[in-house]
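Take a look at this single chain in structure tokens; it is the form predicted on its own.
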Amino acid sequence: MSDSDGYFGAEVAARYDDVHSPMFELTTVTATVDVLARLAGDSAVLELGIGTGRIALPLAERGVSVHGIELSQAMVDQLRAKPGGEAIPVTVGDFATTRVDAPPGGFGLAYLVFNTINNLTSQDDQVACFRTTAEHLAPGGRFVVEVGVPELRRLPYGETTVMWGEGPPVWSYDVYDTATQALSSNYVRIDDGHATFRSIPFRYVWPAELDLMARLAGLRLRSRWEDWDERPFTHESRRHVSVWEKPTEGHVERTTGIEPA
């Protein structure tokens, strides 16, 4: 693994597009792209953690101008090897703080999908991500985040581990630290009797916490759904797709009970 690629080096990037993963199912990708294309309209969009182009490439095929930020050069190399991948501008860097050359007026949409916000392993980095994203957005632009609701309801008291993928060939489980909101996803893979282990650190985050981060960045919540089919978000939802909006020019967003002067 290259240090500069973080936890997504060449070996991981080479098999990241696992066709057996639910996130690569055509119905999932189509539903995601449908919503993002509608929200984007005629504006340019920015994907944070663009990866190998699972969403960016079909979105670009719809005629949307897609730009990306990605920490891992190995993941970008996989994107570049795909048809249409060379045409998508990608800036290599940490999406919490990396700035890109935005089109005149800014981006009309920025998005983070499939739990990627959790790759930022501190609250400070997650707050910085919202602020940096807000600076990229045009007035009226939207920021979309897809992320799971922490699975703490599945933990008996005193336990820390939730099993979520039972192989073969890969067994997967998450380990939660409720004192710090640290989370790790762990993978045991067995191929031809040879076992490998990989662990990736994350930070889980609550919907209300994300709303506060958005308010600190000057954004306001517009929509929250359970999934890309826009079903209502409820207390039973295990993930959410949230949409925050940057106020238009001349609009004063109130974040306190104090009237603006």
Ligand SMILES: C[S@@+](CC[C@H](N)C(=O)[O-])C[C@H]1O[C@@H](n2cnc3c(N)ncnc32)[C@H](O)[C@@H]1O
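The shown structure was predicted, so the numbers you read here are calculated from the model rather than taken from an experiment. All residue numbers are counted from 1 along the displayed sequence.
Not pictured, yet referred to below: the form predicted in complex with the named molecule.
- Among heavy atoms of residue 143, none comes within 4.5 Å of the named molecule in the predicted complex.
- The shortest heavy atom separation between residue 95 and the named molecule in the predicted complex is within 4.5 Å.
- Although the partner is absent from this view, residue 113 contacts the named molecule in the predicted complex, with a non-hydrogen atom inside 4.5 angstroms.
- The closest non-hydrogen atom of residue 128 lies beyond 4.5 Å of the named molecule in the predicted complex.
- By the 4.5 Å heavy atom rule, the three marked residues 8, 70 and 119 all count as contacting the named molecule in the predicted complex.
- In terms of contact with the named molecule in the predicted complex, the residue from 59, 50, 214, 45 that brings a heavy atom within 4.5 Å is 50.
- Taking 219, 40, 66, 55 one by one, only a single residue has any non-hydrogen atom within 4.5 Å of the named molecule in the predicted complex, and it is 55.
- Only one of 179-187, 135-143, 151-159, 119-127 places residue heavy atoms within 4.5 angstroms of the named molecule in the predicted complex, namely 119-127.
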